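We've got the same protein chain twice here, in two forms, each standing alone as structure tokens: structure 1 and structure 2.
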Structure 1
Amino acid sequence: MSDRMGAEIDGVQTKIWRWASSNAIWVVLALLFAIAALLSDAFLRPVYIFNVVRQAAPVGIAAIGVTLVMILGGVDLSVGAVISLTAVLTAVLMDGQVANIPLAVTVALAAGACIGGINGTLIAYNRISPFILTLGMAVVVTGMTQIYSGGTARGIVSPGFREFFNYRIGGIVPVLALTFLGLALLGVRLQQTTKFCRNLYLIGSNPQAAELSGLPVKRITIFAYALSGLMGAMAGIALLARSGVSSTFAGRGLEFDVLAAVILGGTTFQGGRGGIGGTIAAVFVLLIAFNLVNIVGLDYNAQLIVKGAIIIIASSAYIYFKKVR
């Protein structure tokens, strides 16, 4: 009897560890959130929690697209430049007129998708290293933004645009936060149910085998990069909606935040692994790390040390939970 009970307990323990193993980054997020809530009750206030979700929107939205190309075995370093370009482009095309909003948003999304499409086409047909190609594209897009804007973030945001995205439903949930969560859920759902996403994993795991088995590798590559560009454009619009832009380099450096989130979330440079869910959890891990040191009130230099340590500890804990079976 006691042997059977012991076996059952072992079985439950194994199941818990298995669950923790396959959801490692969520376990890390839950632990970090619990620590944050212990240190500051701000993390228990719904208004603040949704503020954090809204803060995460630009990086989080861009990270969804980059996750797709990294599952494919690629990378997209042009996403920061795309964010800057599309934020400036949207503001310029709006020109302070409400009637211009649909055109501005459509052109910005098209520009992002187009840049991503060019990345994808060059990678699919020329087999250039995605790292080098998208780095080069980042430089090109930055140059285009500078020429287009003349070095100042020209453009006037239409009245109502930022007010709409920052409006809090029920006094708590900003529309922008809801949009981000909606896109994240949509991404996870598509990843689980569509043939396109299944093919991304197949190509990422073994590109040669995928090609030999007749998968349309080139078409999928182009489409994945175009999606990454499109999500980059959405991130640019989200950045403009959240706080406006005060320079033509609004998205500078965000590509590294995006990459850090994608990799911490379990999607590797080798491809074929990971997913959007992990990326979203990692976006919040990184953001809470920043907000926590800020909110606890550490001196700036101590903030850097502790923030870096949180990231290192989080990634170590992630590996630990992953390995335990």
Structure 2
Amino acid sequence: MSDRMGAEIDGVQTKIWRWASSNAIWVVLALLFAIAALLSDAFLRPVYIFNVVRQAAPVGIAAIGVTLVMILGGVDLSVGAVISLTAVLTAVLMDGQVANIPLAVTVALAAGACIGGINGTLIAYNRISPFILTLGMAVVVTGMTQIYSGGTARGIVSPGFREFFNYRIGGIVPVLALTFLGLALLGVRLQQTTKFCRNLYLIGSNPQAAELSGLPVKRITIFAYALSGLMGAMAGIALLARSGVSSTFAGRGLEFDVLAAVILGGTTFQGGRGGIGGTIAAVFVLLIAFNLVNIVGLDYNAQLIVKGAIIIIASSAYIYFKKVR
């Protein structure tokens, strides 16, 4: 009887451990939010909470695309450069005219998808390291942005563009925040229901077996990177809508914010695991952590230390849990 009871207790403990290890980022988010609310009552105000969601939109949107690429077993370091390019491109093509908004947005989205598609094609057919290739693409795109803009902020944001995305529904929820949450929910839904996303996990877990089983690995790789580029372009448009300034370095360094969120959310460089839900939770964990750093009076350099430490701790934790299981 006691042996049976001990076995049942062990079974319950195992289930709790598995649940905690697979949902750790949500537990961390809840605990961090509770700490933030204790330190500042601003975190209890809906207006402030949705302002945090609005701030998270550019990084969060880009992280959705990078999550898909990393599930595949790749990485996209060009996303920061794509954000800068598409923010500048959108502002220049708008030229302060409302009638130009559809064309500007369409061209920016197409540019992002095209850059991602090129990344995917070169990786799929030439077996180039995704890390090296996308890093090189980031340099190329940064150079293109500098040449196109002349090295200075260019373009005039059309009237009503920023006002629309920053308008608060009910005086609380910014349209930009709602757009980000909508894209996140759509991404989670597609991840759970589409054959494409299931194939990403299969390829990420074992690329050779996936190819031998007849999966169109090259086509899926190209499409995944094109999606990452498309989401990067959306992030650039979101950043322009949030700030209203088309700086040539608007997205500089954001690729590290994106990577930190994706890794912290449980998606690893090895591929085959993780998901968009965890990534979105991690985006909020990072943003709340940085807000707390500001609340306690530490500067931007301290935020960089926190960001790097989070990436190291998250990677180490993944290896530990993998060994334990």
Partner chain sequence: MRKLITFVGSTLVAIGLLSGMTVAADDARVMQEKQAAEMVDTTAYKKDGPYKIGVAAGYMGNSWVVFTLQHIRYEASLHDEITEVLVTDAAFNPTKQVADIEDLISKGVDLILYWPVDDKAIEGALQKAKEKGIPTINTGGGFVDSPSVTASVFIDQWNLGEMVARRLFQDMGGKGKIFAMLPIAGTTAAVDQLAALKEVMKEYPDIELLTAEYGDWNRAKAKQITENLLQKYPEIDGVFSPAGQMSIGVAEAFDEAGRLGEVVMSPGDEYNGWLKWVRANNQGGAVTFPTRVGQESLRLGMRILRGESVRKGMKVPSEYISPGAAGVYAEMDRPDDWWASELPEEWKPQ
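We call the rigid core whatever largest set of C-alpha positions still superposes within 1.5 Å between the two forms. Residue numbering: structure 1 sequence, from 1. Small disclaimer: the values here were computed from a predicted structure and weren't measured.
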*Assuming the other structure does not fit, state which one is the form predicted on its own.*
2
*Does superposing the core leave L31 with a CA shift of 2 Å or more between structure 1 and structure 2?*
no
*Superposing on the rigid core, is the CA of L298 displaced by 2 Å or more between structure 1 and structure 2?*
yes
